[in-house]
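One chain follows as structure tokens, the form predicted alone.
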């Protein structure tokens, strides 16, 4: 079967790419890292003007009635640019979960705000209460056992902490949970939130791996040794070609996961497990190769490469490590075999 996205989806991707390229240069990223928790976004309004946050919000609440397959290219671009905004949490998880499991009151209050780009959402879906953008989010989607809670900022107690990627602005959070914050007491709601997060993060990682691959390719073609570009040496060409193949394989799985989630396919969770595991490995391979083929300088503060290296390391474990998703996939398959 031949699968591809449509012309409008590619045009939207190009528009997002143009904005991110203009507004998020490495110099801008460096300034954002230096600001840390004092960061005040100048990029979010541009994404709002393009309509990215509203894409998955139902039309009845001012959104675009989109599906995960409509955002996969856009998330790749966000990963490519190292976007310092919680786009997966705000533009993907929140509208999907709210529109499916939220009460009428929660939907009426929050979905229009999400569509208008007036609310930032963070998530705490695991046992770790270190939350990216937890201190600045207007609401945090919190898992407690088989419950999901929608916790407004007034019920979040956040202590900012430093992480390996300052642009994710981690905070150690405590939450006031109760009947008024309950979104759903349903394991399916928890799974839907986790699947959306893992899918979205895998798309970011594919874009990030693509950026690292292209950056390293350009360096290999520029760097001279023995009177010729080091990219002409076979061992280095093969090393980078392996990364490119791994990235494309992960992209195929991420695209299928976006389709499966959009269609509500029975194998959607399996597709997400495969996509996230493959994207983790592609990003790891791109990260390792980029660092080595740049001669080790990429981890230093002075070199721009470290923005993508450290974002990649953070996202590899976000919404599930490679081992986690492989184990979950194996458990799912074996449970079916034994049933």
Partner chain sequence: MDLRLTPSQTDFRNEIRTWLEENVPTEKFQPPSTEEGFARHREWERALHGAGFAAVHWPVEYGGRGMDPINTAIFYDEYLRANAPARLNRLALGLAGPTLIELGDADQRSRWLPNMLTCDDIWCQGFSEPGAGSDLAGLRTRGEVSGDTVLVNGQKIWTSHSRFADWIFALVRTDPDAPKHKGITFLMIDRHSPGVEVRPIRQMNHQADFAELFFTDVEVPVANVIGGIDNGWRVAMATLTHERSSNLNTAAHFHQVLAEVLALVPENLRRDPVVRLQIARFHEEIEAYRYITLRTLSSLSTGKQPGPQSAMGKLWWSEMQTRIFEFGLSMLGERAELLEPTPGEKSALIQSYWLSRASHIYAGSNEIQRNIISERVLGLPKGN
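Numbering follows the first chain given and starts at 1. Predicted, not measured: the structure shown is a model, and the values here were computed from it.
Although not depicted, the form predicted together with the partner chain is the subject of the following passage.
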Using a 4.5 Å heavy atom cut-off, are 69, 213 and 240 all in contact with the partner chain in the predicted bound form? yes
Just checking whether residue 252 would be counted as a contact of the partner chain in the predicted bound form - the rule being heavy atoms within 4.5 angstroms. yes
Quick one: is residue 177 in contact with the partner chain in the predicted bound form, heavy atoms, 4.5 Å cut-off? no
Taking heavy atoms only, is residue 329 within 4.5 angstroms of the partner chain in the predicted bound form? yes
May I ask you to check whether residue 154 falls inside a 4.5 Å heavy atom distance of the partner chain in the predicted bound form? no
Can you pick the stretch from 182 to 190, 214 to 222, 145 to 153, 102 to 110 whose heavy atoms fall within 4.5 Å of the partner chain in the predicted bound form? 214 to 222
Of 274, 50, 43, 55, the only residue with a heavy atom within 4.5 Å of the partner chain in the predicted bound form is 274
